[in-house]
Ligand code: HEC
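Take a look at this one chain, the form predicted on its own, written out in structure tokens.
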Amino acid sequence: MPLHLRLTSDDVMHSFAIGQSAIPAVDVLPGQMTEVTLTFDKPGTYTYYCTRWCGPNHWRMRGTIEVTGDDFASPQPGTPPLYMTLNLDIDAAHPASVTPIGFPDAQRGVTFSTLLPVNYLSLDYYRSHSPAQAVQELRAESALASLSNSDLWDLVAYIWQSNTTPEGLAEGQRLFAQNCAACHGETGRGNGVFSADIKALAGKTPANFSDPATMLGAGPALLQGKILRGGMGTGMPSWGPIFTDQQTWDLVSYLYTFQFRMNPASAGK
């Protein structure tokens, strides 16, 4: 059965979107009535949210729609997120044990890629290790003994680039611009237009993704966990009900572009 909604705003422009859905977002203009019809093809709890950055409490503009009925098959239990499988404490500090001098470049890393043991290029390795862990493990490889620390960091950038795609980086950039930049800033430095408001509300500034001391100590599974669950008192909302699983990984891949120089055209190679 279709669900018909009539929406309006009494202050500024908002929007209405359904998380993890192909249903397009609709703008909700002040003083005007917007009509939308929703049809769901499976049961579950659907989160609706606003996609227009309207103020520091924008992230609170959410609600849920419960879809049930005899016409639907029973939903199957989901797979636990990787950070839970790896038993990661996503609230604990994760300082990088080592950091690079300069900005690691994936294209320079291609030069040494033929020396790289193949296991380092696997998706499982990439998602379960931080860049700092990876560079230390590469240092212990006899085949890489002649490489400098800078070379090893370039290799790590190459590994990270190899585990995404041009489309994934583009989608991550789009998601970041739409949902994250207002707090974290367009350059990821934690200085977005709402950063001061977030600090006043939560007592903490948004995370600085350009800081190698913290970012390079965080593996993809840990970052995905933070995106899925939210910041727990930091003012960062939970994006698990909003993004698809692939979108969370695309966003994680894009976050590392604040640490590594990646060539989108070479991603996935």
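Please read these numbers as outputs of a predicted model, since none were measured by experiment. Residues carry their position along the shown sequence, with the first being 1.
Unshown form predicted together with the named molecule; subsequent notes refer to it.
Only one of N163, T99, Q133, N179 lies close to the named molecule in the predicted bound form, with a heavy atom inside 4.5 Å, and it is N179.
With a 4.5 Å cutoff on heavy atoms, F243 counts as touching the named molecule in the predicted bound form. Although the partner is absent here, R52 is not a contact residue: none of its heavy atoms lies within 4.5 angstroms of the named molecule in the predicted bound form.
With a 4.5 Å cutoff on heavy atoms, R127 does not count as touching the named molecule in the predicted bound form; it lies far away.
For R189, no non-hydrogen atom is located within 4.5 Å of the named molecule in the predicted bound form, even though that partner is not displayed. With the named molecule omitted here, the record of contacts in the predicted bound form names 234-242 of 234-242, 23-31, 36-44, 63-71, defined by a heavy atom within 4.5 Å.
Residues are counted as partner-facing when one of their heavy atoms sits within 4.5 Å of the named molecule in the predicted bound form; in 187-212 these are I198, K204, T205, P206, A207, F209, in sequence order.
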